[in-house]
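The chain below stands alone, shown as structure tokens; this is the form predicted alone.
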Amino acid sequence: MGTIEENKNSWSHYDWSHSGDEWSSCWGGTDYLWWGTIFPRIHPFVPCGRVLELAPGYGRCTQYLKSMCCQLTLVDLVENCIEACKQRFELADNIDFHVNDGRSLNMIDDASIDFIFSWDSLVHAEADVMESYAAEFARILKPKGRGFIHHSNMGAHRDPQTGKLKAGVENPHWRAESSSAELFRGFCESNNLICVSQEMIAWGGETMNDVFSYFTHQVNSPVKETRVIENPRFMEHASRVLELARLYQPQRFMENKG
């Protein structure tokens, strides 16, 4: 995707008129994305005490997380995203808001977070950023804390000789090309964390371009070796959820056509 500054500039000038809900259209809307795809993966970790949502954008997932914790901390590189969240959730008394530098979490105390969450944002973060965040995750997680982050796996498809994507591999969704599931496992290990599991998915094509990493402190892990699975049919599941949305909320889709 690019450097921190390039990401900051891109998302600062993005047309947020739909609050990011346009990225949920494959599921039939954000409600169906959350309850059909995200929540089944994170429900073992919530409700809980304090949650960090990293890079919330305009609050697409925040609207659900805020009722699943005692305290929700939002951190984003882009100032207008945090300002939008402040306005959107001004009546919520359990949220604090912070703008960061895109790689550190200085505003968060050591061992204070029960659950770290990020969806559809760190896919644009390059390996150096992921390495920095892994160290921060280790610092801020409580002894029994957990993390679930959605990030890029495009680095797994680079030619080791040239550093460029292998022939035939495309990157239409602007994923970070240096990040990968394997690298993040290593970043976790270097900071006494462990990826309990990693689900590699094909988002919008046939390439396993994304990964969901679930991690915790090594001493608290139920396993000693990461379980890695490939899910090439991830978007087929989205299509099935979309069918449910159309079946049970047909009026909404008819209104959208009008």
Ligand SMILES: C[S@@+](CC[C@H](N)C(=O)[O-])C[C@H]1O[C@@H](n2cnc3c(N)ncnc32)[C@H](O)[C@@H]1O
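Quick caveat, the model's predicted, so the values are computed rather than measured. Numbers for residues come from their place in the sequence shown, where the first is 1.
Quick note: we don't show the form predicted together with the named molecule, though the next part is all about it.
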Counting only non-hydrogen atoms, the one stretch of 191-199, 207-215, 227-235, 51-59 within 4.5 angstroms of the named molecule in the predicted bound form is 51-59
Taking any heavy atom pair closer than or equal to 4.5 Å as contact, tell me whether Thr73 reaches the named molecule in the predicted bound form.
no
At 4.5 Å between heavy atoms, is Asp114 in contact with the named molecule in the predicted bound form?
no
Looking in the predicted bound form, any heavy atom of Ala176 within 4.5 Å of the named molecule?
no
In the predicted bound form, Met154 touching the named molecule (heavy atom, 4.5 Å):
no
Candidate spot Trp16, Val78 and Tyr133, all three touching the named molecule in the predicted bound form (heavy atom, 4.5 Å):
yes
Counting only non-hydrogen atoms and a 4.5 Å cut-off, give the residues of 114-135 close to the named molecule in the predicted bound form.
Trp119, Asp120, Ser121, His124, Val129, Tyr133
